[in-house]
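Below you will find one chain, with nothing else, as structure tokens; this is the form predicted on its own, and questions on how it binds or moves follow later.
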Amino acid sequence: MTLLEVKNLSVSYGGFKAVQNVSFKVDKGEIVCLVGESGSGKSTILRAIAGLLPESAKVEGSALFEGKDLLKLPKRELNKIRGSLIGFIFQEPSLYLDPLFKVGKQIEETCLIHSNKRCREKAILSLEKTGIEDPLRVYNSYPHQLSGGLKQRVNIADATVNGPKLLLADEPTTALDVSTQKRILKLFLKQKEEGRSVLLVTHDFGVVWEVADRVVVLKDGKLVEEGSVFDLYREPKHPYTKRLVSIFRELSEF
């Protein structure tokens, strides 16, 4: 069953078209990866869905989430959905986390926006679910006291504290070492096991191969190919997809 359906999405800034007529869907319990190089429009799509683009952006098309068009909702109603039914995971958690407050209180704040029940307990449990060995210590830590991998786990804990149905993840493994990256990717697979859907942005086909059910390949703001991860790996059709897969195969041989 489809949870999110994006139809003919276009985003422009003045005369520059960042995204052009992109359509795809995300089913319940599915991980879909938006893959492409920098400037392909993948992060712009994610932020358009979440309502996080600047006011200067002109957005056209639709993004139907459980029948509601996120692009047409009043800001107040969209804010209710974002954080409760939809969680957003940022690329760089250091920029997202407030250095003046302990991370546990920040997760609590996300919970309190949508609920006033047991938010401290929910925050600690959310940290524990990310595999953090000492969630209470992390709860009582400031962002600067945590490693990059722990900050990203906090980011995921914050995005999932209210039990959303859909996670939007923008390059969540960038700048992490290989072992930490694998642990973070396992968390997304765990989210899928719990019945959540994930729309994940990446430029790394290795990440795609690890977690994706389906792949949407973007180039210069346009969708150039879409299909299951196995079909795209075995028989990519578009020259750009072929190049991405070829690079991944070469790196995998080392």
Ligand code: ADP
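Start at 1 with the first residue shown and count on from there. Predicted, not measured: the structure shown is a model, and the values here were computed from it.
One more form of this protein should be noted, the form predicted in complex with adenosine-5'-diphosphate, which is absent from this view; the next part is about it.
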*asked:* Does any part of residue 54 reach within 4.5 Å of adenosine-5'-diphosphate in the predicted bound form? Heavy atoms only, please.
replied: yes
*Indicate whether adenosine-5'-diphosphate has at least one heavy atom within 4.5 Å of a heavy atom of residue 13 in the predicted bound form.*
yes
*Wondering, does residue 18 line up within 4.5 Å of adenosine-5'-diphosphate in the predicted bound form on heavy atoms?*
yes
*Could you tell me if residue 37 has a non-hydrogen atom within 4.5 Å of adenosine-5'-diphosphate in the predicted bound form?*
yes
*Just one of 190-198, 66-74, 23-31, 41-49 has residues with a heavy atom within 4.5 Å of adenosine-5'-diphosphate in the predicted bound form, so point it out.*
41-49
